[in-house]
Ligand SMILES: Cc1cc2nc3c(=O)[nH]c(=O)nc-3n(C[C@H](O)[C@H](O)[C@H](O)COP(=O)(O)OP(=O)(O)OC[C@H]3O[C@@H](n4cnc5c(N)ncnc54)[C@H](O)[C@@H]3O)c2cc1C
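One chain follows as structure tokens, the form predicted on its own.
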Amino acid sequence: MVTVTTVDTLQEAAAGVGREAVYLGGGTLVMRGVNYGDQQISEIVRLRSQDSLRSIRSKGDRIVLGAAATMGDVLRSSDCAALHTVARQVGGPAVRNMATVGGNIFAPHPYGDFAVALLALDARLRMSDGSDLDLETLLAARGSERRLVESVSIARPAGDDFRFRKVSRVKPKGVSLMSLAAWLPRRAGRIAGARVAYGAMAPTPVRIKAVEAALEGVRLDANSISGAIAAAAQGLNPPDDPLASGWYRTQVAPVHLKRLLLGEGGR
């Protein structure tokens, strides 16, 4: 039997989350687990209202998204234009109407493609206890994190500096075999401070720092990015699962990274 506890604040909700008590945001994954009889869920903790956590606003050169903002909210926001391509590839309309920014951060493979984009865009989190945390740190300890996310601050990419690619076997709504995101700021035509992230190539979304280092100071053309392509799968040990083997993911990573960087096949 699953019990439901309704509270007024995010802090109360965080205090109620534990080993068998889960927080209900959009519910796309939690309710699927409940409906399929997940025995690890005995209690659901929910907020009476999530409206205060759904705002999306500009703040200097960054954008702040409430953790309860849905993919539909992202698609309706002109501030988030760079993320529209990402949000549009999260499920179908019904899922996008419920799936949240915060939920994507905790979604296990093969879900959570939006978190890959957030990681590439230097996401910084405001947690339920008022502390700040970068997304990369949270992902490294995601399984043991008991705090909840209040909001996410990301860099606002200029022009075509941000690129995203989802690789799936079923179009357009299939789960990802691999997802890639890159933020490629340029100075005088050369990349300065690139951030590149993959999904489905590790237990959580990860930055590919060997690729980032190889991109520093180069131009975005086929010859100049050859070092980055050579490092596409360096240090990674992708999982085997029903979608693909780790070996296959390793082999196709350079192909999709090249397409991502050169803007081939859509952003």
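Since this is a predicted model, take the numbers as computed values, not measurements. Quick note: we count residues from 1 along the sequence shown, nothing fancier.
From this point on, the text means the form predicted in complex with this ligand, which you will not see here.
K.L.:
If the cut-off is 4.5 angstroms on heavy atoms, which of these, Leu177, Ala155, Val74, Ala107, is the one near this ligand in the model of the complex?
P.N.:
In short, Ala107.
K.L.:
Would you mind picking the one in Val30, Val206, Val64, Ala210 that has a heavy atom within 4.5 Å of this ligand in the model of the complex?
P.N.:
None of the other options qualify; the answer is Val30.
K.L.:
Looking at 155 to 163, 189 to 197, 76 to 84, 109 to 117, which stretch has residues with any non-hydrogen atom within 4.5 Å of this ligand in the model of the complex?
P.N.:
Of the options, only 109 to 117 has residues within 4.5 Å of the partner.
K.L.:
Answer for Leu133 alone: is it within 4.5 Å of this ligand in the model of the complex, judged on heavy atom distances?
P.N.:
No, Leu133 is distant from the partner.
K.L.:
So, in the model of the complex, is Leu139 in contact with this ligand at a 4.5 angstroms heavy atom limit?
P.N.:
Close contact is absent here: in the model of the complex, Leu139 is far from this ligand, nothing within 4.5 Å, heavy atoms only.
K.L.:
Is there a heavy atom of Leu184 no more than 4.5 Å from a heavy atom of this ligand in the model of the complex?
P.N.:
Leu184: no contact with this ligand in the model of the complex.
K.L.:
Do Leu24 and this ligand come within 4.5 Å of each other in the model of the complex, heavy atoms counted?
P.N.:
Yes, Leu24 is a contact residue.
K.L.:
Sequence order please: the residues of 72 to 93 with a heavy atom within 4.5 Å of this ligand in the model of the complex.
P.N.:
Result: Gln89, Val90, Gly91.
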